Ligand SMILES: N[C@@H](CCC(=O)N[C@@H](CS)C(=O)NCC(=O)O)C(=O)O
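The chain below stands alone, shown as structure tokens; this is the form predicted alone.
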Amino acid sequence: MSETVHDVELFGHWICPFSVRVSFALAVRSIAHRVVEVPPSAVRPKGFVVPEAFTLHSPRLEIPLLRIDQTYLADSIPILEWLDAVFPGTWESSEVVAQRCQWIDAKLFRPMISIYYGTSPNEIRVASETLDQRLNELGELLGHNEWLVGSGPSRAEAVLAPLYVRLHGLSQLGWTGTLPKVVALHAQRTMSLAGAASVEWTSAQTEEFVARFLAYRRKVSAGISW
């Protein structure tokens, strides 16, 4: 029996870490899809026309939004959980996977985002130190395992991938640490998954990411609303 072919459309943008999670999961699973580029609200150009379908189906008007056939779902982790249900058997899926995803969101992404939204040297330093601490904890979670849960990749790798994608940019914006060896090996393993290279940033994308947040800091310092 042939596999069901779904019509898949992603409303997202490369600069948004939550959108990258979904792009990563689709790419690794080799799920054919169309991308409707919708910049996140913080970097949305003036005059940008938001697609009507996005306005109707994204409760907070934030990316990512995924459409599979006639069904829409917003927010990255629910989308990844949904993909596990719609395309079963591809990845490890368990309650432990869900716990790892929640941990990454709460512990790793907050200091990561605080680095590039930091507007004072002290804020950035504290965020950098916190990220280093969390990366060490990530190394402890990995232990001697190749993957975050079980014997193969899971959506936890997709949830973590945006951090790996933007490491060079983070370094330019104030992160002063390095990946623990076990985490560096996990990063290499994760980004060598089939299709994962499609979400890796070019040098031009890294430069744009850095330039946007340096400009943000200058505007905040000058008292100009972003």
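Numbering starts at 1 and follows the sequence shown. Model, not experiment: these values are computed from the prediction.
Just so it is clear, the following notes concern the form predicted in complex with this ligand, a form of the same protein that is not shown.
Mapping the unseen interface onto this chain, Pro51 falls outside it, with no heavy atom inside 4.5 Å of this ligand in the predicted complex.
Not displayed here, this ligand is kept clear of Glu200 by more than 4.5 Å at the level of heavy atoms in the predicted complex. Though the partner is left out of this view, Ile63 does reach within 4.5 Å of this ligand in the predicted complex, counting heavy atoms only. In the predicted complex, at least one heavy atom of Asp75 sits within 4.5 Å of this ligand. The candidate spot formed by Arg100, Trp147 and Gly152 lies out of contact with this ligand in the predicted complex, as no residue has a heavy atom within 4.5 Å of it. Between 24-32, 54-62, 176-184, 192-200, the stretch whose residues reach within 4.5 angstroms of this ligand in the predicted complex through a non-hydrogen atom is 54-62.
Interface residues of 8-32, taken as those with a heavy atom within 4.5 Å of this ligand in the predicted complex (partner not displayed): Cys16, Pro17, Phe18, Arg21, in sequence order.
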